[in-house]
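First comes one chain, alone, set out as structure tokens in the form predicted on its own.
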């Protein structure tokens, strides 16, 4: 939805014009999956699918918030409300949690009206939750006059997801959504929160294929993986699996057992893949980037067990197509969601058609496939600035 349309919808919903627009992107992760909460280095990129929020202070102590997808009246709650929502209103926990964490950080926000619009599919592994959190955080800072750095904002949004949405996520999603740079992926050291933009090879396009299998990371499997990693760390005597080595894992295999050995092996090998992938991109070595992304997917499928048949089907199809492929794998927390593919621009049309047909033959439906551009992080600006 263009901002002019969002403005008109806001007027229809609240009877007055917005004063600001907050825009936050989704993200894909090129390599470095399930190691952000272990303090590892990762390589995500923000994309040009976004959550956009029109807002205006309303002169009360209440927040009135509405999604243009809900078709319902605005949800209203006191700006100091701490009650976690369930069922159809569970999506409110993301903005509610941001308000709560900023309040704990000493930021007082006045009541406001907000209308949310999105072309970022929820449950697709593209961090729609982090985008909603970041967009809300910028509104809180705008209305309160209390600005935070991108890293501080990401940390508060992460706490909101922990405490209100019940997902013990790492910092990757929130930090790339807040700090991404146009045209670049972002190398993030999840221990120090240091970031560095990394350019993609010329002529390479991001193609995202959404399986339509919605993941729900709060349902338990994500938390179980974190707990298994913590158990493996205790046995290995390390503060993080990213500090372990394959040699150490091999020596402790009998104590770890088969399951924890596989979980630990994924963490150690995935960390190595991140740096190797960055070097291969810098060298324009498509054979190596393709191999690394495939190995990452296999590790997520077999050692970490977070893939699903639909994701595997899309990755297998990408590998079968081959022409101009720089890599394909699942992206995000898994258990559904999307694959990310790096493909030469001249092959995009044929590649997309091949993936769609291959998926249809197996599942009798077509995936949602679209191209994406590495985009800047979340931003807020006056409504008078017009469409963006």
Ligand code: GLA
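Positions refer to the first chain, counted from 1. Predicted model only: the values in this text are computed from it and were never measured.
In what follows, reference is made to the form predicted in complex with alpha-D-galactopyranose (GLA), a form of this protein that is not presented.
When alpha-D-galactopyranose (GLA) is considered in the predicted complex, only one residue from 332, 26, 327, 44 comes within 4.5 Å through any heavy atom, namely 332.
Of the stretches 31 to 39, 349 to 357, 58 to 66, 315 to 323, only 31 to 39 has residues with a heavy atom within 4.5 Å of alpha-D-galactopyranose (GLA) in the predicted complex. The candidate spot formed by 92, 101 and 164 is out of contact with alpha-D-galactopyranose (GLA) in the predicted complex: none of the three has a heavy atom within 4.5 Å. Although the partner is absent from this view, residue 123 stays clear of alpha-D-galactopyranose (GLA) in the predicted complex, with no non-hydrogen atom inside 4.5 angstroms. Taking the partner from elsewhere, residue 172 is found to have a heavy atom lying within 4.5 Å of alpha-D-galactopyranose (GLA) in the predicted complex. Proximity of residue 222 to alpha-D-galactopyranose (GLA) in the predicted complex falls within the 4.5 Å heavy atom cutoff.
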